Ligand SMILES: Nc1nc2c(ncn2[C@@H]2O[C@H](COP(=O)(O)OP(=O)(O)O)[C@@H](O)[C@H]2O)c(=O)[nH]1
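Single chain ahead, by itself, as C-alpha cells, in the form predicted alone.
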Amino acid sequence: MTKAVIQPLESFRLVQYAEPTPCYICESDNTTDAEYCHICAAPMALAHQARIQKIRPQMIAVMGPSGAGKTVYLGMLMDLLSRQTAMQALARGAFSITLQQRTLSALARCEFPRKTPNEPDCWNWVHCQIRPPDRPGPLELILPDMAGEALMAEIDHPHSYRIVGEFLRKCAAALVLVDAPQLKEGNRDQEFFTQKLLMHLSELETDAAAARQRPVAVLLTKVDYCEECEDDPEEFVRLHAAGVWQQCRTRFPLHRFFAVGVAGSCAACDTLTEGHVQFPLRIEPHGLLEPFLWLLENMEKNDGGKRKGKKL
C-alpha cells in the first residue's frame, strides 16, 4: 500500500508553451525552452537575444570551400574586434565566444582548429554588437561558421540544408573565402566552388535589384604561401580564376577583392592518424579587418543612410 502524496499541478508551465518562439533564421515556431530549431537546427538563443535587444540583427554570410580558412578567419576577426578601442565588438550570449575561444586555443597550441562538422547543431555562431565610431547607434550582427560541405550540398541539392538556404536568402552581405595557394597551383575546384556560391547567392533573391546591391567581399586566404596576391588581389583573381572575376563583375556591382592571412609561417608533417597536417609556426594577422570594415560601410549605404536599427 502506497502513501498518498500531494502533487502540485504546475499549470503555469502551459502558459509558456501557449505562445511559440519563432526561429530567427527560418521563422518556424518552436517551444520556449527549445535549444535548437526543430526545422533548421539553428540555435534558438539567436531569437531570444534578438527579442531582448529589441533590434533586428543583420546577418553576414561567411562562405567558402572546406579548408579555405573560414573558422580561423572568423575566430581571429572576433578576437581583433574584441580588442579594438575605436570599434569594439561586444558578444551577445555565451555561445558567441565559443568560436573565438576554440580558434585562439588551437593556434596557441600551434594547431589549426578542427574542421567544422556538417551537422548544423555543431556549428559555432557569433552574435555581436558593433559600435562603429561614426555611427551613433550600435549595429547587431550574426555570423555563423558554416561547413563547406554543407554549403556545397545545399547548392547542388536545394533544401538538403534548410538553414543554409534560409540564411543566404536573408543575409545582408557576404564574405567569400578562396584558398589563394590552390588557385596559384591551378586547382580549378576552388574556382568552380566559388562560382557556384556566387551564382547561388545572386539567384536566391526574388528582387533582382536587391540581390545586386548586396556587398560581397572575396578574400584570398593564406597569403603567407602566396605573397604575389597581396599587391593586387583583383588582378590575381583575374589571372588565376577568371570565372570568379567575371561573376563578381556581372552579378555583384558592390564587390571587392582582399588578401588576408593569419599564419606568418607554416610547416607540415605526416601523421599516422590524420595524414599530411599543416600547423602554424607563428601568428601574424594580415588584412583581417579591412574586408569587414568595407562590408559594414556598404551595408550602411544600402540601408538608405538610416542610423537606427529596425524594431522587432
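Throughout, we count residues from 1 along the sequence that is shown. In this text the structure is predicted, and so the values were computed from the model without any measurement.
Here the subject shifts to the form predicted in complex with the ligand, a form of this protein not shown in this document.
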Options 245-253, 44-52, 262-270, 24-32; stretch whose heavy atom lies within 4.5 Å of the ligand in the model of the complex: 262-270
Non-hydrogen atom within 4.5 Å of the ligand in the model of the complex for each of Gly67, Val72 and Thr116: yes
Partner-contacting position among Phe236, Phe112, Tyr161, Phe167 - heavy atom within 4.5 Å of the ligand in the model of the complex: Phe112
Heavy atom within 4.5 Å of the ligand in the model of the complex - residue from Arg214, His240, Lys222, Arg92: Lys222
